[in-house]
Ligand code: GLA
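Shown here is one chain on its own, the form predicted alone, set out as structure tokens.
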Amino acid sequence: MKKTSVNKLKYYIFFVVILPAIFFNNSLSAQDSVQLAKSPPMGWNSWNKFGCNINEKIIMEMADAMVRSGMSKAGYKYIVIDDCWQGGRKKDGEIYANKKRFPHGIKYLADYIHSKGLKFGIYSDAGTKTCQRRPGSRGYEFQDARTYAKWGVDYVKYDWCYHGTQNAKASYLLMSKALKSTGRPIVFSICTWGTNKPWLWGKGIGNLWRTTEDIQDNWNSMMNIVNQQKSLYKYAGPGHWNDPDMLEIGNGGMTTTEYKSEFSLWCMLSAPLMAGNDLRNMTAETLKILTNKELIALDQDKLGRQAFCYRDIGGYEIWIKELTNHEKAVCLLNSSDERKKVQVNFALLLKASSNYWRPDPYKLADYRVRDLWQHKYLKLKKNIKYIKLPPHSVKVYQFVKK
């Protein structure tokens, strides 16, 4: 056969056989991703409270506490082990858990969590090592994916330490394909800490992606993360979420008022709600914050719109989130250290749109305004109301159709 004929045959095979198959498979994968995470994942992760001090007993007790406390009924489903569970690799490359900390193995733990009606998540890294220098998945992607599926893993958090000169998108795409090849539905959490701008390429590869460095349990760290979300609202939606990191609520570094602000902002941002405290000994205040059903409903709203920052003036911010049924939520944030008394025009806020040039045509007369922390409707005699905001506090209102 002539060389030109061979080349023509190669082009024919690529464009007629291979390329359509690639397109078809990618379409299916994108569809599957949306089904996996129609709303932002809710659960618990071990890192913020325990770091490397984890073991089988602690994780099982967290699952028990999630059910006993009522958190699972409020929507929290995932129990995720972060770094330091690994023991090493066998001669054939298969990864195994630290035998002293997890004497019965990971499948035993996953089965226990599943028996509670919950889902199980685990941690790995795209590099040769994890951030705590345990074995990473580089070079073992498909083998690790098969192992996780065999164990019953439902969620994988994939970090970005010891990656050398690896390309981020290619590295995460490889593990994404590996997980999908197992046939088990596994939520994939991209954790590049906002480097490489994963919101630009993560859709269809992962279900959520970290947008910033690790959160710390203090007001400045939390607010620094919130401020970095302001330009990202257009990248979030069903199956692909911006992830501003796990919640610090209940860990002691902030006040109750500040933790209420954190939870409110995360819900406005359509962020994954991954608690990071010790669920076994929560205070009543902590539990009340984490299980505020009206705030959770904002986070889990089917429209999947992340809030946009409508106004930011001298430590006073207004965030607006579009909801299903032509409803909206508004978060008034006093990020300053001083008490504020602000004038709020509810009619104007109802009309505010993420498209500033096309205000929404909604009329305040068609809505009631509900305070989602006081759990009651406001009595509005006029469109304008003065609201008092203590330092570092929020007010969250929902425009509910009559």
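Numbers for residues come from their place in the sequence shown, where the first is 1. The structure presented is a predicted model; accordingly, all values stated were derived computationally and were not measured.
Another form exists, predicted together with the named molecule; not displayed. Remarks below refer to it.
- Message: My question is simply whether residue 285 lines the interface with the named molecule in the predicted bound form - judged by any non-hydrogen atom within 4.5 Å.
- Response: Contact check for residue 285: no, nothing within 4.5 Å of the named molecule in the predicted bound form.
- Message: How about residue 246 - does it come within 4.5 Å of the named molecule in the predicted bound form, if we only consider non-hydrogen atoms?
- Response: Output for residue 246 is yes: heavy atoms within 4.5 Å of the named molecule.
- Query: residue 223 near the named molecule in the predicted bound form, any heavy atom under 4.5 Å?
  - Reply: Judged by the heavy-atom cut-off of 4.5 Å, residue 223 is well away from the named molecule in the predicted bound form.
- Proximity of residue 132 to the named molecule in the predicted bound form, heavy atoms at 4.5 Å: Flag for residue 132 set to yes.
- Name the stretch, out of 189-197, 315-323, 297-305, 260-268, where some heavy atom lies within 4.5 Å of the named molecule in the predicted bound form. Every other range fails; the passing one is 189-197.
- Message: Within 4.5 Å, heavy atoms only, which of 119, 328, 240, 157 is in contact with the named molecule in the predicted bound form?
- Response: That would be 157.
- Is any part of 80-113 within 4.5 angstroms of the named molecule in the predicted bound form by a non-hydrogen atom, and which residues would that be? Going through 80-113 in order - heavy atoms within 4.5 Å of the named molecule in the predicted bound form - the hits are 82, 83.
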